[in-house]
Structures are given as structure tokens and as C-alpha cells.
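Before any questions on binding or motion, here is one chain by itself as C-alpha cells, the form predicted on its own.
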């Protein structure tokens, strides 16, 4: 009887070992895969105009560029007026914060002229929004 069970056990073990790695490793491998970095960055970097950028303008810019006056013809109270630019032309170059006059002004500390300068976090929010295409959301 011992001889009859041994070949059967060997076949069972071989059959299970042939199937087990695929059945066990595939779900575990899928679960252990990290989320691609681009996906993580795009989710964490999702910045919108109305939710993120406009509140910065309302708090720090609208005394001179909107609510009370529009110095240099720049109105920062709406997306449309921002994208219309100033009397000197466009202030936002969608997709390129480095070439956007408005971003350069806040990074260099030239704006706002009155009150507190924008924080590093506020500037980063504006940059991310512009670099992502400056969409109206």
C-alpha cells in the first residue's frame, strides 16, 4: 500500500506545484505593484482654477486687480478676465509657468505690491495650474 500512495502523492504534489505559482503569484503580484509615479503625481498635483487659484487671487490680488480697480487693465476676478490679460497683453501662457508674466511677477516678489507676498505654497499652486494647461474648471 505504501508503494501505491507514493506515486499518487508525487503526482498530486507536482500538479499542485504547477498550478499554485500562477494561482498564488498573479494576485499577489498585482496587489504588490506600486501605482505608477505619473498617476500618483497627477492625482496629488490636480489643481483647479476655481478651487485653488482663484482664492489666492481673491485674498492677495483683487484689491488692485479686480474688485476695486484693474491696474494695468488686469482683472483677476474671473477666469475669462485673467486669460484676457492686461493692457500689456497675456499674463498666462498655458502650459508654461516659466514664461508666464503673472507667475514671474509673484516668484520675483514684484507682486503683490501691497500686503504680504504670496507664500511658496501659493506660488506652487499657481505654477502647477499653469503648467497643467491653465484650464477653466
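Predicted model, so just to flag it, every value in this text is computed and none were measured. Positions refer to the first chain, counted from 1.
Unshown form predicted in complex with a small molecule; subsequent notes refer to it.
Using a 4.5 angstroms threshold between heavy atoms, residue 72 counts as touching the small molecule in the predicted complex. Among residues of the shown chain, residue 118 is one whose heavy atoms approach the small molecule to within 4.5 Å in the predicted complex. For residue 105, a non-hydrogen atom is located within 4.5 Å of the small molecule in the predicted complex, even though that partner is not displayed. Contact check for residue 66: every heavy atom lies farther than 4.5 Å from the small molecule in the predicted complex.
The putative spot formed by 79, 81 and 124 is not touched by the small molecule in the predicted complex; no residue has a non-hydrogen atom within 4.5 angstroms of it.
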